[in-house]
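In what follows, one protein chain appears twice in different forms, each by itself as structure tokens: structure 1 and structure 2.
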Structure 1
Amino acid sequence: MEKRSMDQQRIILHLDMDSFYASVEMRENPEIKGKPVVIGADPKNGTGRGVVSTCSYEARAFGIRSAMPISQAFVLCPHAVFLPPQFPRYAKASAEVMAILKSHNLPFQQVSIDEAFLDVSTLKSYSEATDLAVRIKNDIRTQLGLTGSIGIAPTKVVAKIASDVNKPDGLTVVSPENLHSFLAPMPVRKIPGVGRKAEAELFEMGIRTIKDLAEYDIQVLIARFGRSAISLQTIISGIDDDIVEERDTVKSVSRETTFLKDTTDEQVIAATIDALVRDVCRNLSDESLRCRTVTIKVRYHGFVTKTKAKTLLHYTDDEKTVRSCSHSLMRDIFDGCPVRLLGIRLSTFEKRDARQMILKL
């Protein structure tokens, strides 16, 4: 695994909050702390048709996972605490977490409600970066009553992998000197975007670790997975110039989820789309935006991914309109094959008060 010298000068910090929605609920309701907590649809004693949004680590011990049918979660742990999502509550907690990160006046990039990067290269040493990470974790714990896990590495991808290694409440540092030894033995499943089906295909090719993948014949990988194999192999080799930068304006609002097992169940797919639409529309509301373009993303076997978009006649922030459009796009794109991942993206924005401002002129 070779890496460019310029990457040795970069120090990237990735924060990933621990079981964020469930942790916020446990903070608000101390009596449920330590119990298996499931955030999602009403299980209706095992007959509910929605899905799990997220769950606590205690619930995960029973095999419950995000995007699992809520009925299955109830069967696995009927005594769990099942709660409906409280998105305004989570958005407020997220803003408080991000404010702590921003207070250090370093290049910042929020990538989801509970994840963000900091470029801490100006600290010039991994020791100083580690000290900062400890302070950030302590501030989040003492000020907000929450915990997060942090990864520090020369690139964004490796920092993200590192933040997941010692969850919950972890801190993992990957310096340029130990990058190879850190990545090499890891199973390929640790790479963001590699799911169960892709993992199985890689296993068939004799690829079980990141080292195996980094050293594999790139032409064979391209033949099997397409051109994306090039960037994948490059990134896991420690070469990644993707910079940390905060967006000046929101260009898109998106949400996606990966199923524990590939599914063709149309009721599960429809319920998942509904949940994703609720989430992105709340984000739209938080940003005071209307959108015109709705895009659906479907990932099938391996890395096979399809997207389809529709541009509406008028800007909207109406959840019902976005939901109807999303289901229509899904009907167009769904080919009956097992679905691994679903995603919804909204784009082409105007500020919610833009038309009012025009009318006043």
Structure 2
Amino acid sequence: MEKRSMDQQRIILHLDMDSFYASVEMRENPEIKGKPVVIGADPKNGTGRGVVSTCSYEARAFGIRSAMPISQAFVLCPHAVFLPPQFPRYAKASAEVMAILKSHNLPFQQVSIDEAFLDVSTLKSYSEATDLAVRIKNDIRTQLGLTGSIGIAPTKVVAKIASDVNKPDGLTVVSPENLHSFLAPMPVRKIPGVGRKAEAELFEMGIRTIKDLAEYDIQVLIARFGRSAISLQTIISGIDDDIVEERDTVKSVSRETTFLKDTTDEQVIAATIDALVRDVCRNLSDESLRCRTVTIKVRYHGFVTKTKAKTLLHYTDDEKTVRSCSHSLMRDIFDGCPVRLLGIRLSTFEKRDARQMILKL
């Protein structure tokens, strides 16, 4: 069967919850409902370090966004309700949302804490798929007191783009007939994989919309962006073979090394930690993951083994952050005795934003 016609028979549903962490907090504390709510680091009256995890749509009206320095968010809206993230709450709410999706017994794939795909092709028509989406949104609202936005389209990427265009509480259906008119005028930034840097480069080349990109000389794009340009052109043509399936979830990434001879040399120990950190971070990046827990393991002469873990406030894949955390853990547990083995383990993962996975610039 020709690939294109096969794609056009698929019907993919993508759900992305609205201002997820903030919505869960507003559900737990009804008195903050309707207010600008910012989840993230402590703003400390504008001197706080760290970033915004997310914020309510009321806070977005002030220009606050995810990943913005918390100090900037404070300047934009000092009277906002600032709350620290409470991950166990969000994990529980996420599991409840996913249970609703899974209850339909269709191919399911969770891609982050608040988003997932369902392959609803067996429903055969876009109108049946739309009915299911309405039911899912309704169940999420009535059973969980939360809202999510859904996109329905012939491919995963287009379904993801569609779920984003009418946020919050949106439902956007892109049937095969509407695929090209939906995609053509879309700004390139809407493509998962195109971040601010890629957008700026594309602008420079005179490419603003998906139509501009689709019509651009592929050879020039490859020269500029490498092989990812090919997947980009495939995606925006509405052709994409990526199927909805649960992927194995990696629970931890670790690396350890045993010294040929037990050592107390702090320089050797520090250099070994650096090398281990480099390896586990590379592994993390290969898996497109970000972690929040760093564990160090030290085995001393005589097989006495100590471990110490630190859970960071935010998910990270930054080698420098993991390195400094590892050194600080080592300072806590190193007692000066000869070391036989050193290990670093990273855990508590989230999938890195799919945006970064397609175009690495």
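Just so we're on the same page, residue numbers count up from 1 along structure 1's sequence. Bear in mind the structure is a predicted one, so any value in this text is a computation, not a measurement. Each form is matched to the other, and the largest set of C-alpha atoms that superpose within 1.5 Å is called the rigid core.
J.: Quick check on the two chains I just loaded: which one is the form predicted in complex with thymidine-5'-triphosphate, 1 or 2?
T.: Comparing the pair, one sees that structure 2 is the form predicted in complex with thymidine-5'-triphosphate and the remaining one is not.
J.: Rigid core superposed, CA of residue 184 - does it shift 2 Å or more between the two structures?
T.: Where the cores coincide, residue 184 shows only a C-alpha shift between the two structures that is less than 2 Å.
J.: Once both forms sit on the same rigid core, is the C-alpha displacement of residue 334 at or above 2 Å between the two structures?
T.: For residue 334, whose C-alpha is compared between the two structures after core superposition, the shift is 2 Å or more.
J.: Once the core is aligned, please say if the CA of residue 221 is shifted by at least 2 angstroms between the two structures.
T.: No.
J.: State the core-superposed CA shift for residue 325 between the two structures, in Å to one decimal.
T.: With the cores aligned, its C-alpha sits 6.4 Å away.
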